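A lone chain, given as structure tokens: the form predicted alone.
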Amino acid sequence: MNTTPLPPLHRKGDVVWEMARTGDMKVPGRIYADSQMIDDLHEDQSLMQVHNVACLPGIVRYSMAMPDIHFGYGFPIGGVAAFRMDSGVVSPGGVGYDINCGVRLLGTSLTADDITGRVKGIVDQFFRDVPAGVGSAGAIAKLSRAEVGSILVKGAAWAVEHGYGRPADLAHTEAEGCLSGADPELISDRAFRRGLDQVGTLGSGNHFLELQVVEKIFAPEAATAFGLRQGQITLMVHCGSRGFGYQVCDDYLEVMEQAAHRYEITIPDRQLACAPLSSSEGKAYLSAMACAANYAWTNRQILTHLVERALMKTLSVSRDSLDLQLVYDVAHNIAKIERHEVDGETLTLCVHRKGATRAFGPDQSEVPADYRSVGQPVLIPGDMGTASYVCVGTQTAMEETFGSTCHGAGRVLSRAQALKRAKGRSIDRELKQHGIVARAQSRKTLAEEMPEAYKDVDSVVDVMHRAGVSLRVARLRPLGVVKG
């Protein structure tokens, strides 16, 4: 880690702070946070990571951090950076190990009254039908290498073709559930082996399946466009590319360390190993990353099918009566080639979002047609015991953050710290006292992911709302949660 003294932060707006460009920085740093968050940030190294990212070749405008910022691998979690295609780089540390970890929101025809007294039964059925936990195997048959290869190219469309969902789901998925340019030939045998039986699994850590109720509507027009109404039952699925994506990242970190040396790229932290976007190594990583992103979208699409089936079974309702609809699916860890305006010039850029999510505003062609008049749905999960939010992207986001915003609450306690804090406590009993049914493969997971391990999601969302980057649409209160 770079030990250079940090430049001072200067307040540039209500919730906007700037780190002056000094030394090897190519651009300033920009942090979205309130005063308390800024004070708390001095306790870890995430601000130094903002500084370090600003030193990478070809970065434009700012090295940015959202209010859920905390220390990560290479980039801070909550980090956003965009690079020129001709002179910039791509860095696996700017995407993360869980490539396309993301979240999808499902709406139903149900109301809170429809499931009174039935929440435990629903959560128990989810726990039986949705594979969760470290090393869990999928609910579908173990796939062949050729079938996994098809998933890597087709993404969520593969799942729909095999009966897991509807074609309409693809229109409500970022990038329609598939990044182009994926090349299975660039994937290692070990990654393939890890991916053979994990499609349709929730995983562990902060991944979850949550039963929720729409508690409050802030923006009726956007809520109506998204099909949300007060008192409605919704479901949120938070997971990623599992062991497959982890292995892809691990494989290419080694490639990138060699590439950085080969191309004589000076980096302040070896975790920022990178390669020019124009190089063979850079192109290979983007293709392999696309494979992992497509695997993750397929995974979430199949999980949606499992959730629908479990609800129909528990409530004895038909598919038509349940009317499960995909509101939206967004990625949290990804690098994407996008067009953005910078200083009056429209540029093609590689936008890294690491623990950050897209927040495209109205009239953008990438936003689903039925949402285009209001903007893209932005899904910001809390964690078990805390609210989640639906927000909407804005033109301000397009102008200031490359159409990006926060992705969640952000950790304030490491897993080890959370375990220590939870010693002698029963987290599931505490959640039950707040009206939340929790099921997990281990008590350790519940302790590691207890609500106080995270920042206050209300405050995080409020920062981006005040900045005009992503505006509040609806607040979702948890009723039950399944953890790995």
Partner chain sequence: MNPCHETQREAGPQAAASPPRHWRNLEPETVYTELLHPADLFFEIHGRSFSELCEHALYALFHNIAELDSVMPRSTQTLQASASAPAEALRRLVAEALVLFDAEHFLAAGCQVDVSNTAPLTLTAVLWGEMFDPRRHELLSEIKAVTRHQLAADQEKTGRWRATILLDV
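Residue numbers count along the first chain shown, from 1. Since we're looking at a predicted model, the values are computed, not measured.
There is also a form predicted together with the partner chain; it is not shown, and the following applies to it.
Shown alone here, P268 lies farther than 4.5 Å from the partner chain in the predicted bound form, counting heavy atoms only.
With a 4.5 Å cutoff on heavy atoms, R415 counts as touching the partner chain in the predicted bound form. Mapping the unseen interface onto this chain, T346 falls outside it, with no heavy atom inside 4.5 Å of the partner chain in the predicted bound form. Mapping the unseen interface onto this chain, F71 counts among the residues with a heavy atom inside 4.5 Å of the partner chain in the predicted bound form.
Of the candidate stretches 240-248, 309-317, 173-181, 397-405, only 240-248 contains residues with a heavy atom within 4.5 Å of the partner chain in the predicted bound form. Taking R166, R193, K216, K154 one by one, only a single residue has any non-hydrogen atom within 4.5 Å of the partner chain in the predicted bound form, and it is R193.
When the partner chain is considered in the predicted bound form, only one residue from I115, L228, V123, I187 comes within 4.5 Å through any heavy atom, namely I187. Shown here without the partner chain, the chain has G203, S204 in 201-215 lying with a heavy atom within 4.5 Å of that partner in the predicted bound form.
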